[in-house]
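The chain below stands alone and is given in structure tokens; this is the form predicted alone.
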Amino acid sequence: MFDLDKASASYNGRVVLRDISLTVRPGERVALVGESGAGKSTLLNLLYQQHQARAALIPQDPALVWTLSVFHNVYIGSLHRHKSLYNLLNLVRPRAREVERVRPVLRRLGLEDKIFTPAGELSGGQRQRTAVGRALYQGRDVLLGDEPVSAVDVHQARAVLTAINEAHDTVILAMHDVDLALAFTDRVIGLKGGHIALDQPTSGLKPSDLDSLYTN
């Protein structure tokens, strides 16, 4: 499904990734781990560019429209399903059937009571869960997430990651929480110094086995 062959990438004139070769097969759940600046976000974006039409992306910045409600920010994920006029009318006056389609997604993420709250009035964790809801509502086979649970507590993080895994066949997540990465994926890819330093099944791995990715 995803295939990189000696790919490199730069950011602000600095080489972030060098000669990355990587294959991700359908059905895999992959965690990208490594210290800040290791290139996790850059690698995630390289993979997303290969299958934008099939994949939903949860960016590190929630990229919400602050003046619009949670409902509308999630509904934005389905604009491709409808004609422009319908989307415009739904923006002005939400259709009951669209509200009822969005509601279960928000219920799963603990946001049902915020359905008509403007995104600008939400906490950081609520905004992040709204961005996750938008990606879930797209209904894609593949989900790529850049630190999708960094702003929520552990209990909420587990609920969000469970929802992500249940809704998508293939999942690739850049994560800073090693414990969650090992618990919710079946393969871990560790980045260090712009290279892949580790690529193993998560089965049998302990958080301490990844310590070398975070030390000089």
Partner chain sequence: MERSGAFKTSLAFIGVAIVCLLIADIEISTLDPWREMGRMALGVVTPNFLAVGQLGEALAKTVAFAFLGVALGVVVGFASALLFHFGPVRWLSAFVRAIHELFWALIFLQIFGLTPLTGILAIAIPYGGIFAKVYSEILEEADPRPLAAVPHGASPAAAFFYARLPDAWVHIKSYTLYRLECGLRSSAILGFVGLPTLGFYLESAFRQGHYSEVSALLILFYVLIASLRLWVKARLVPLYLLAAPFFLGPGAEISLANITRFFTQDIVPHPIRAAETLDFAALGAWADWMWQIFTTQALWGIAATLILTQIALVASGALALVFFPLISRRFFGRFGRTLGHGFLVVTRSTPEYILAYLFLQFWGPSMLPAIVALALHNGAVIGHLIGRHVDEIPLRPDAPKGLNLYAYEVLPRVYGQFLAFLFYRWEVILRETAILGILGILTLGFYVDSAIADIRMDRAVFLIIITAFLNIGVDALSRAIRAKIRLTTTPERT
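Note that the coordinates shown come from a computational prediction; the quantities given were computed from them, not determined experimentally. Positions refer to the first chain, counted from 1.
Just so it is clear, the following notes concern the form predicted in complex with the partner chain, a form of the same protein that is not shown.
The candidate spot formed by 9, 12 and 15 lies out of contact with the partner chain in the predicted bound form, as no residue has a heavy atom within 4.5 Å of it. Residue 47 falls outside the set of residues with a heavy atom inside 4.5 Å of the partner chain in the predicted bound form. Within this chain, residue 65 lines the site of the partner chain in the predicted bound form, having a heavy atom no more than 4.5 Å away.
None of the heavy atoms of residue 97 is located within 4.5 Å of the partner chain in the predicted bound form.
Taking the partner from elsewhere, residue 123 is found to have every heavy atom lying beyond 4.5 Å of the partner chain in the predicted bound form. Remark: of stretches 79-87, 100-108, 141-149, 113-121, the one touching the partner chain in the predicted bound form is 79-87 (heavy atom within 4.5 Å).
Looking at 20-38, no residue comes within 4.5 Å of the partner chain in the predicted bound form, counting any heavy atom.
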